[in-house]
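So this first bit is one chain, no partners, the form predicted alone, shown in structure tokens.
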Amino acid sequence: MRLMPLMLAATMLAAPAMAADLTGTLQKIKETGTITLGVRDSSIPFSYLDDQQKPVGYAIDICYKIVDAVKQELKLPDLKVQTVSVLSSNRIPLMANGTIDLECGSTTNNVDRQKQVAFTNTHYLTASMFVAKKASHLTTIESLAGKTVVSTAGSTNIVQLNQANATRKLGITVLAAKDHAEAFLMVETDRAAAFVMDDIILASFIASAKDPSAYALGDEAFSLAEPYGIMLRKDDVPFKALADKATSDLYLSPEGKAIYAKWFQAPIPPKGLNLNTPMSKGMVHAYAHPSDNPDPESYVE
């Protein structure tokens, strides 16, 4: 009986000690009881709004697997999930300043970005392409010479477009749209001849256009297939380790392949579009060998 007060005191001391051991994002989440996800409005099928204005998509589903891991790690079954809409141009600053804890979208993991933020395991591979109206007969990068071409502000694609323009001396007038939807609309309304973006996102816009048959992807890519990853803060080792394990476990499981098929090989809300995009060899490799490697060459089979 005399040991009981001592045991109780030890237990009371242990709880604050465990909280004090937490750092970075996990500490922030524990203290606030909330995890904040950065979501996109129009990055179909990765992160977009359905007809109820609810964020849905492939990257959203992956983020919720990380959320489940956080709940278990912190013993917070009632953890509140908050979403914040982000753009290509502000997603990295909002991650760096602590506004969002995970960015659930279509963000390319590359060496330059890894100087500012971190990424968990690759969840998609996509090459930078362009879409144009079939009537314009634009099929190669050279055919864009002298034209007005749009891309999304803050994206790797607009950087690649500017590089190709300068290197090849194409004389392209480059426009920066605030988001993907605005960029595609500029092609639709003939304010731009082409829209440069990741191939899968372009495919989703073509599929959802009023007349999909009026548009086509170019035949030439601006890049090798580059990796997408869920973005998180840099130098937060415990949180990244948790996210890496959660995503690795998912990709190596049948559930991971089922989530992929749900968003890329079946009708998706709100219009029932089916992108009919089975896993490439690179994606099969990425799922079988989870990695946050930013080098596109590492995914070439």
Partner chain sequence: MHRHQGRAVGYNWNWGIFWEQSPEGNGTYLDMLVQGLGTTLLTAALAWIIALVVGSAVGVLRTLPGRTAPLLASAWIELFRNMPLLVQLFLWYFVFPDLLPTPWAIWLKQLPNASFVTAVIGIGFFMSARVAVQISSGIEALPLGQRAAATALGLTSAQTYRYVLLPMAFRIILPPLTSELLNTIKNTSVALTIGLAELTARARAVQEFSFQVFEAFTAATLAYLAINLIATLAARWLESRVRVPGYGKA
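Residue numbers count along the first chain shown, from 1. Bear in mind the structure is a predicted one, so any value in this text is a computation, not a measurement.
We do not show the form predicted in complex with its partner chain, though everything after this point is about it.
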property: Residue 73: touches its partner chain in the predicted bound form, heavy atom cutoff 4.5 angstroms; result: no
property: Contact of residue 219 with its partner chain in the predicted bound form (heavy atom, 4.5 Å); result: no
property: Touches its partner chain in the predicted bound form: residue 27 (any heavy atom, 4.5 Å); result: yes
property: Non-hydrogen atom contact residue 175 with its partner chain in the predicted bound form at 4.5 angstroms; result: yes
property: Contact stretch among 226 to 234, 123 to 131, 137 to 145, 194 to 202 - heavy atom within 4.5 Å of its partner chain in the predicted bound form; result: 226 to 234
property: Site test, 240, 259 and 298 vs its partner chain in the predicted bound form, non-hydrogen atom cutoff 4.5 Å; result: no
property: Interface residue in the predicted bound form among 167, 82, 213, 97, criterion: non-hydrogen atom within 4.5 angstroms of its partner chain; result: 97
property: Interface residues of 93 to 115 toward its partner chain, as seen in the predicted bound form [heavy atoms, 4.5 Å]; result: 93, 96, 97, 107, 112, 113, 115
